[in-house]
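First structure 1, then structure 2: two forms of the same chain, each alone, as structure tokens.
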Structure 1
């Protein structure tokens, strides 16, 4: 009985996101912010980027968030040109976010009040899998949103792909996508899945997920936080707005 009283006193500990706002710790490195700076300062920060996500241009450098590893090295090397925000809502879509949101809502209208995810590791380092598993723990509790994992693509509504697509996994990935019923969505989870990252030049790699399948939503990060993943899935279901293409 003491455990029941203890639980009642502590109340609900699960995050209410995305139904209510939440935030990351102040030290969390989320989105890279390009600051007004001269070209030399921009070039110094861009030169420190291992994934070529930054390009010095005009008053502000261009940032390709689908390539960014969120390491913060650009901000350390050139703090006058780059900063790190603890923003976690990083999901992107291809095209106008408002138009894509309407299209996604129309596509998932027939799914009812629950969706099932089929996860395929196409060549990741394992970090994205840990964060994806975390959204089903008691704190993030994706099941409360009607989001579940399934072991077979034949029961799946959303294909979640992690890692850059290796040559060995290209055919199994295509087979999983082919086995899914309509309507179906594809989510690229993690920087490597979104852009290929630093692995894209390997002889064993075909490239990012979009080189093999049509991707609906990109969730960058190495790895993306559980809140970032929840935001990306909410975008995929048409409930939340996303960034435009970087």
Structure 2
């Protein structure tokens, strides 16, 4: 009884996102943005990037958000060329976002309003797991969107992979994917899973998830915030188009 009373006194905490807008704290470093600046300023910021997400080029630097691990060092060293914004809808797909959206919608039509996730840790830093767990806490409550966790890949519709794929995890990851029924989606969760991040030149790892499995949606971030994850899952289910291009 005490827990029921406790919970009732706390009131409703849940966001209405993605049906209503929500936002991150103004200071949150979500998306890196390149600003019009001279090449020297661009190179200064790009030189501070451990994961080679930035390339100095032309009027403004090129940014690969799948590689950005949100440290903000480029904006600190070279504020003329780079800025961090508190944007959180960061999911990307391979190809034209609108085309991919309708293809994904078509693929998951049979799932109805109940989607089951199976998570596999291929070599994460441990925080991606906590943020994935967080989408089920009362503030985000992914269950209200029909998103559930399942213990077995046999019941899973979406394979959520965290971390860069290490040599030892490649085979178990492939086995889990193999065990899933059709239709199956693959989501790479976190910058390391999306692009390899700072590990792209490490011999201890195989590479990003897309080197091992066909990835449908990339959710960058180190770790991606729960809102970023909800948006990415919404993209995976074809309800929203990815903002970025591949």
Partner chain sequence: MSAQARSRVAGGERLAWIFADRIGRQTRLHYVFANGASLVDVGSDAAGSVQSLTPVTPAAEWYEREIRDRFGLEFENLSDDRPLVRVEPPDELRKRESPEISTVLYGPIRSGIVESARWTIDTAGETFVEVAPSMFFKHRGLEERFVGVELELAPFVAEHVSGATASSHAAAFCRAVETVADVHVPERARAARSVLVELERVAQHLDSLGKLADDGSLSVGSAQTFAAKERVHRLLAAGTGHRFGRGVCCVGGTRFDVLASLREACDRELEEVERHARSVVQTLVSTQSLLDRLIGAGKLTYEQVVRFGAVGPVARGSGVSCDARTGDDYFYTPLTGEEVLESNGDAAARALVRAAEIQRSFQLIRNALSANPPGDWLAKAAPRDGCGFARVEAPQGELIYFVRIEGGRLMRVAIRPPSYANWPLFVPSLPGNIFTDFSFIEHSFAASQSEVDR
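Positions refer to the first chain, counted from 1. Each form is matched to the other, and the largest set of C-alpha atoms that superpose within 1.5 Å is called the rigid core. On a predicted model such as this, the values are computed, not experimentally measured, just so you know.
Between the two copies of this chain, it is structure 1 that is the form predicted on its own.
After superposing the rigid core, the C-alpha of residue 25 moves by less than 2 Å between structures 1 and 2. With the core held fixed, the Cα of residue 16 is displaced between structures 1 and 2 by less than 2 Å.
At residue 7, the distance the Cα travels between structures 1 and 2 is 7.5 Å after the core is superposed.
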